[in-house]
Each structure stands twice: as structure tokens, then as C-alpha cells.
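Consider the single chain below, provided in C-alpha cells and representing the form predicted on its own.
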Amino acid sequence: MRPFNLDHAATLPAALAAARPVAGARVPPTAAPAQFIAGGTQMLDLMKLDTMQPATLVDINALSAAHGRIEAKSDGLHLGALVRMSEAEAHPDILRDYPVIAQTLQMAASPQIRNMASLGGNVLQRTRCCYFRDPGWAQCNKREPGSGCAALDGVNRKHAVLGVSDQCIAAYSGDFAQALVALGAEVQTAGPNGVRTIAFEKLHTASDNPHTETVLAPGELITGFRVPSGPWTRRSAYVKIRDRESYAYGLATAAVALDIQGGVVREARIGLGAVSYRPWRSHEAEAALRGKPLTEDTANATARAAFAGAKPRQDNAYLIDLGRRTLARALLQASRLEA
């Protein structure tokens, strides 16, 4: 690991000042010389691998009093960015009213990691692509823009089939983000240009500019999330298919939320993970199901719509069928729940 400075920020203004970008510098947030750190469960790994090389880490744990709360109100759920995954997964209001959020957290990583990892850091986790994580591979457009993508013709069994381009086929492997994208969450941030609110679906960028990853500016910090309430949040579920049942990233995941009235789907929310370049909301699949009864046939038709635009490579074509089956299972599982 390379030497770095550690700055303990006691307040939000102090944190933003410590991470303020150099005037005139144009770098994506992932390459900024100063990086925020809370749980550190991924940052330190990437620094050890020399994939990330920040000169300064800004410890923001002292901000937990203001940005580490869970608030469930009639109009929705507020999650502070410094809430720990283990705290959110066991919160009674989340378990009752937003079960898909609890499930995505419960199925992630290990209990030890979830005790440390913050929600804000979790959604910004970077891909598990081995060509990205190992600097020994020169071709990686995420690390070195314009260098190419070794995964295109390499070993790509776990790479994405949705939202990919000839610049990058890395898969986003996080779980919690799939619930947020499905439920139409918003991200609250603070940065050099003030505070703003971003639709979570717009937080992560497209694969044709893989080195940018998010719309955040250097020095911009996620402070919280807002999940709007709706008749679909209680009837929600997450299905995660992986090589082993515990402590493994998904091969295909699906977060779904349904509003069913009189046996007919009035509203469907669908988020797909592991098979996609970024947290993926499938509006096409939602439209295919809306206004129909949820049967095995309509679930399968919805799943086919979700993967109609898939672009597989030589090793990952199986993910299309696996992703369809995962989504169909999630829909049928959620349909059996009481709203």
C-alpha cells in the first residue's frame, strides 16, 4: 500500500474542505487525490491492490450524529449515508414496510463487514472485474481511459449483459442498490457546489464512459437517501443467485416491488443486479407486467422483456436465462406476500 494522509473531519464543512478538488483539475471522483472513508471495507482492499491510490483519506465517521439516522415517516424512509448495513437490515420499520431493502442487506457480504460498512459507501462500491482490480492488466478503461477492455475477449463468465458497450462489460455487484433503484429512491449529497438531490437511477453513469462511474463531482459526498412510500413497498422481495449460498457476490439478482389490486398488477418496480453494468431498473419489464394478473406465464413474459436487449459475450450468455429465471422467481415470490 502506498503512503497516504489521514484526515479526521469533525464536521461536514471540514470534510468537504479536506476533500476539495485542486482548482482546474479534471478527474473523475474515483481518481480524486482525496477520498472519503467510513467503514473502509472496499477502499482499503483497492488501495492494497494499488487499484486506487489516494493521497488523502478523509475519515467522516464523526458525522454519524447528523448523517447516521434512520427515519421512517408517512411519506417515505430516510436513510443517513453513515447508517451501517447491519443497523438498517434489522430495523423494524424497514423489515415491515420495506422488506426488499432489508433482504438486500442481509444477503450481502458477511456480518462482520455489514457491521462496518456504511450505506453511502456501499452504493459506491466498484466492480469485482478481475481485469479492473489487478493493475497488471494494462487494458482497463475504468483504470486507464482509452486503454481498452481486456474482459471483452477474456474470461467474462461473471460480466454484465445489460447496459454494456464496447468500452466496458464489468458488472455492478452490489445488492442494496438494486432495492434503491427499484423503489425510485433519491440520493442526497453535499459538495463544492452545495447540496443537491439526485434520482438514484441517475447516480451511476453509462458504460461508454467507464472511468467516471457516477455523476458525483470530486469532493462531493453522499449524505443520505430518501425512499418514497408507496403501496408496493411492503409487497417486495429480493432474490439472489450465486455460486455459493453465503459470502458470495451474485450471478443474477432481482429486486421487485408490486402493487396488486383485485388480482391485477397496478404497479411493478423491478431492479436487476450482477447481470448489469450499473444498478438496472427495467422499465420495459415493468410495462410488460402492468395491468396483467401475475401468473407464471406473465412472470416469464416479463422476464423475457427485461432481457430483450441483452448483449452476451462468449462466457456469460448463460446469464440471460439465469437472469430471466431469477426475475420470474422474485415476481412470483413477492406476489404471495401480504401488502
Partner chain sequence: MSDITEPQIMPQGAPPSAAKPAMGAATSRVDGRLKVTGAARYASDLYGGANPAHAYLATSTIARGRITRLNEADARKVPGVLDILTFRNVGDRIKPGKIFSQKGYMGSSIAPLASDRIQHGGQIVAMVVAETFEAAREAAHRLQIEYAAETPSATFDSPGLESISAEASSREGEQPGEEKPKVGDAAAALAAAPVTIDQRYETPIQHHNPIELFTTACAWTDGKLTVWEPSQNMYGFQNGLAEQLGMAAADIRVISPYVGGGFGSRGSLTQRTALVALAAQRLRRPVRLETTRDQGFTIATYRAETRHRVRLGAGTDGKLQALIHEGWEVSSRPDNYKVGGTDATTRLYACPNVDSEVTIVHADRNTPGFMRSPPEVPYMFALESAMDELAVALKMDPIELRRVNDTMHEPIKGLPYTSRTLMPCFDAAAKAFGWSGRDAQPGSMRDGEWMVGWGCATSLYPTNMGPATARVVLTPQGTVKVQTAGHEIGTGITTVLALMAVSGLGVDIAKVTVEVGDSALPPAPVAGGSNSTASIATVVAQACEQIRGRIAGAAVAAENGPFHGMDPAGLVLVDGTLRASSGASEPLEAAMSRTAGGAIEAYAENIPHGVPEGALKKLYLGQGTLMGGAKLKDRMQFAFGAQFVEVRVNARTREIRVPRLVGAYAAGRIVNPKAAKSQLMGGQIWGVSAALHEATEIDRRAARYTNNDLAEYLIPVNADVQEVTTILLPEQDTQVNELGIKGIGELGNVGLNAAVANAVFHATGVRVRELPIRLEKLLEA
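Residue numbers count along the first chain shown, from 1. Worth saying up front: this structure is predicted, and the values here are computed from it rather than measured.
The form predicted together with the partner chain exists for this protein as well; it is not shown, and the discussion that follows is about that form.
- Query: Would the partner chain in the predicted complex be within 4.5 angstroms of a non-hydrogen atom of every residue among 3, 246 and 328?
  - Reply: So, yes: the whole triplet contacts the partner chain.
- Counting only heavy atoms and a 4.5 Å cutoff, which of 197-205, 182-190, 151-159, 216-224 contacts the partner chain in the predicted complex? Of the stretches listed, the one contacting the partner is 151-159.
- Quick one: does residue 71 come within 4.5 Å of the partner chain in the predicted complex, counting heavy atoms only? Result no; residue 71 lies far from the partner chain in the predicted complex.
- Message: Does any part of residue 241 reach within 4.5 Å of the partner chain in the predicted complex? Heavy atoms only, please.
- Response: Although the partner chain is absent here, residue 241 would touch it in the predicted complex, with heavy atoms inside 4.5 Å.
- Query: Can any non-hydrogen atom of residue 311 be found within 4.5 angstroms of the partner chain in the predicted complex?
  - Reply: No.
- Task: Answer with yes or no whether residue 98 is in contact with the partner chain in the predicted complex, where contact means some heavy atom within 4.5 Å.
- Result: No, residue 98 is distant from the partner.
- Query: Heavy atom within 4.5 Å of the partner chain in the predicted complex: which of 300, 41, 56, 64?
  - Reply: The residue in contact is 300.
- Any residue of 130-145 that, in the predicted complex, places a heavy atom within 4.5 Å of the partner chain: Counting only heavy atoms within 4.5 Å of the partner chain in the predicted complex, the contacting residues of 130-145 are 130, 131, 133, 134, 136, 137.
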